[in-house]
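Consider the single chain below, provided in C-alpha cells and representing the form predicted alone.
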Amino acid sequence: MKSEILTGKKMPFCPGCGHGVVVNNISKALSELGYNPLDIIIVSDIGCSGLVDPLFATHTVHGLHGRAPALGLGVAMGLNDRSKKVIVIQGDGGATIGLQHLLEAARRNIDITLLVFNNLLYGMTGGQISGLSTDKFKEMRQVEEGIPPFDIVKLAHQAGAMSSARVLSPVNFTESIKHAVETPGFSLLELASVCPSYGLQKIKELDEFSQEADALLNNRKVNEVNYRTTTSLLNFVKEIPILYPTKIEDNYRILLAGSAGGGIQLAAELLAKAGMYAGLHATMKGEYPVTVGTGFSVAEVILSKNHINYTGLDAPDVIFVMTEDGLEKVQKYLNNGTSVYADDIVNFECQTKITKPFSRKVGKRSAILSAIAYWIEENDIIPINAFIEAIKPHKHSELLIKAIETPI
C-alpha cells in the first residue's frame, strides 16, 4: 500500500489562493502514477510557492530565490537512479529571477520536471509585477506599459526542453502534471493560479488575464535525454592510511589564528591530515574575509578518537596566535582553561600563554607550522612523523619540513 504524497498539514496559503489547488493536483497526479513519497524529490525556492516544503511527505530541498532549477539539475545528476523523480517548483517571480538557470536546465535536457505556479505577481512581497505578468494584467494596474512579458513556455521550448506547456484551467491540471512527470528529460509546465490578496480573485478570470494556453510544445527525441550523472568527488580522494599510533583517547579542539598569507589554512589542513595518519577522525574549516589577501585568517581543527558529530569550537583546547589580526578574531576564547601558543611579536595578557619566537626563527609564512610542531612534541599529541608525512606531498615540502625541524 502506497503512502500519501502529502503530509496532511494545513495549507500555509492565504484563503482562496490557487497554490493549494495546484498542490492537491500534484499529489493526485503522483499518486495516480504510482509514486511513493520517497521516490520524489521536491526542490523549491523563495516565494509563496516555496511554502510547499512541509506539505509534501517526499524528500524536499529549499534554495535561494530563482535557483531551484539549478539545484534540481544538480540533484538529478547526482541521483544515478531513474526510478526517482526530481520535481522543481517555482513561482513566476522565481522563474523570472532565475531565468538563466531554467534555460540552462532545458538546454541540458536533464530529467527533471519544472512546475511554475504563475499568479502573475510577487505575492510574498506585496504584489509587485513579475517578468511573467501579462500585458492585460499590467494594464489593469497601470504599470510597465508597452513591455511584453516573457513567454516561459516558448523560451523553454527554444532552449531545448523535451516538452513545455501552459495550463489555465484546474480541471486539466492533474493530467497535464502526469504528462510532464512522465516525460523523459526536461519538462516545463506553467500552471495558472489566483492570488486573492494582491491579484486575481476568481479562477474564471484566468483565461482573460493569462497568456494564451499553448498547445503542448514537444522537442527533441527520447534518445537525446541527458541521463549523465556526476561522479562523487570522494571517488578521487586517496585513502589516508594509519601509519602511526597516538595516545589521544578523547579529542582536541584546535584554533589557529593569524593573517592572510601566513599559511594558517595550509597548516590546519596539514594538521588534520596528520591526525588521520595517526588513526584519528579529523575536521578542518577556515574563516577569512572576502578580500582573501589581507586581514585575518582563522582555522579550526578537531582531532578525535571518536566520530565527530559537531564541527563547532565553542571552547577550544588549544589556540595558536601568530599575529594581531588573528588575536582580534580569537580574543573571546582566551581564558585560563585554554592553552595558548603565541608568537612573540604579538603582545597580550593570558595566564596560560606560552610565547616563542616562531616567526623570527623560521619566517612569518612558516611560523604556524613551527608552533604546531612545538605543541605536538611538547605534549606528545601525535607522532611528529605523522605531521611530516602530511607535509611530504606539498611542492615546498623541503622548506616546510625544515621549518618544523628548526629548534625553537
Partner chain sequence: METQKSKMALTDASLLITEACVKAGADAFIGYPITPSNKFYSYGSLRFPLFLAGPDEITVLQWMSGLSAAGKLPVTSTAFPGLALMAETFNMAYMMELPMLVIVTQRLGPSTGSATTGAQGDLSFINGLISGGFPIPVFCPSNFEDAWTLAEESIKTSVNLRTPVILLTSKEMVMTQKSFDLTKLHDIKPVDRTPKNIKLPYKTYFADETLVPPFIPVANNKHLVRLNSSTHDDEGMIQKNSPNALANTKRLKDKIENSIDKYLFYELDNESTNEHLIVTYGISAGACRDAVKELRKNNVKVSLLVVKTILPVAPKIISIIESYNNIYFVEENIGGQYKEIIFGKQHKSNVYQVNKMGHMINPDDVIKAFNL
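Numbering follows the first chain given and starts at 1. We call the rigid core the largest set of C-alpha positions that still match within 1.5 Å between the two forms. Just so you know, these numbers come straight off a predicted model, no measurement behind them.
The same protein also exists as the form predicted together with its partner chain; that form is not shown, yet it is the one meant from here on.
For this session: Determine which one of 377-385, 58-66, 335-343, 355-363 lies within 4.5 Å of its partner chain in the predicted complex, judging by heavy atom distances; exactly one does.
Result: Selected range: 58-66.
For this session: Please state whether every one of the three residues Val21, Ile147 and Leu189 places a non-hydrogen atom within 4.5 angstroms of its partner chain in the predicted complex.
Result: None of them does, since no heavy atom lies within 4.5 Å of the partner.
For this session: Sort through Lys154, His281, Arg141, His179 and report the residue having a heavy atom within 4.5 Å of its partner chain in the predicted complex.
Result: When its partner chain is considered in the predicted complex, the option within 4.5 Å is His281.
Exercise. Exactly one of Leu206, Leu73, Ala159, Leu255 has a non-hydrogen atom within 4.5 Å of its partner chain in the predicted complex; which residue is it?
Worked result: By the 4.5 Å criterion, the partner-contacting residue is Leu73.
Exercise. Does its partner chain come within 4.5 Å of any heavy atom of Tyr288 in the predicted complex?
Worked result: Flag for Tyr288 set to yes.
Exercise. Is Ala29 a contact residue for its partner chain in the predicted complex, using a 4.5 Å heavy atom cut-off?
Worked result: So Ala29 does not count as contacting its partner chain.
Exercise. For Gly78, is any heavy atom within 4.5 Å of its partner chain in the predicted complex, or not?
Worked result: Contact with its partner chain, yes.
Problem set entry | Contact of Thr7 with its partner chain in the predicted complex (heavy atom, 4.5 Å) | Yes - in the predicted complex, heavy atoms of Thr7 and its partner chain come within 4.5 Å of each other.
Exercise. Which residues in 310-337 have a heavy atom within 4.5 Å of its partner chain in the predicted complex?
Worked result: Contacts from 310-337: Tyr310, Thr311, Gly312, Asp314.
Exercise. If you line up the core, does Val116 shift 2 angstroms or more at its C-alpha between this form and the one not shown?
Worked result: No.
Exercise. Does Ala267 show a Cα shift reaching 2 Å between this form and the one not shown after rigid-core superposition?
Worked result: True for Ala267: a C-alpha shift of 2 Å or more.
Exercise. Is Ala390 one of the residues whose C-alpha moves 2 Å or more between this form and the one not shown after the core fit?
Worked result: Where the cores coincide, Ala390 still shows a C-alpha shift between this form and the one not shown that is 2 Å or more.
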